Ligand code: HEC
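Given as structure tokens, the chain that follows is alone and in the form predicted alone.
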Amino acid sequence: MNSARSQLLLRCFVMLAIPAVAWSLPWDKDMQNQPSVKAQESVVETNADSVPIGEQELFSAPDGLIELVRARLVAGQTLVNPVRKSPESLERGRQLYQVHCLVCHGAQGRGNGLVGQKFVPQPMDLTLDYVQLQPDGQLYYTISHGSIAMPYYRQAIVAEDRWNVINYVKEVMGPDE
């Protein structure tokens, strides 16, 4: 009986020890030490010999506010909207606006979206002349590289679709004629 009790105690000890041994194995730290990129960070630097995937941006990300303003002005002078306004372009722009822009800029583009109300400063009112009179290239740069509180969308929205969003914002939210 003493031997049966010893075997039972040994089995209980082994059963209790197995989880402790499993926790100490290296697979519990597989994801701990790796580079991480936050949602609004720029792209991680790649090797110079790597092959680019997808489209290449014409302008690099700005280093500060002054560089952002300068780059916007240059983009406004050099970039021309290659997507003509059409019902298809406006519909695609509307769809993308609803997915990416509406939460901050609101349904009418007045900067009063549910998420945008939490920001300081408030999101831009897209119906203002300040926005509507900007060249398309300048708006393209802002969508691509962000602004003071606005995140960039160069990786979330492909280049042609950014132009569709601009067509939509200028046509639908522009001044009534």
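Treat the numbers as computed from the prediction; the structure is a model and nothing was measured. One rule holds for the numbers: they count along the sequence shown, beginning at 1.
Beyond what is shown, the protein has a form predicted together with the named molecule; the following relates to that form.
For the chain shown alone, residue 142 is a contact residue for the named molecule in the predicted bound form, at least one non-hydrogen atom being within 4.5 angstroms.
Within this chain, residue 104 lines the site of the named molecule in the predicted bound form, having a heavy atom no more than 4.5 Å away. The shortest heavy atom separation between residue 108 and the named molecule in the predicted bound form exceeds 4.5 Å. The shortest heavy atom separation between residue 64 and the named molecule in the predicted bound form exceeds 4.5 Å. In the predicted bound form, every residue of the candidate spot (126, 150 and 157) has a heavy atom lying within 4.5 Å of the named molecule. If you take 111 to 133 and check each residue for a heavy atom within 4.5 Å of the named molecule in the predicted bound form, you get 119, 121, 122, 123, 124, 126, 130, 131, in sequence order.
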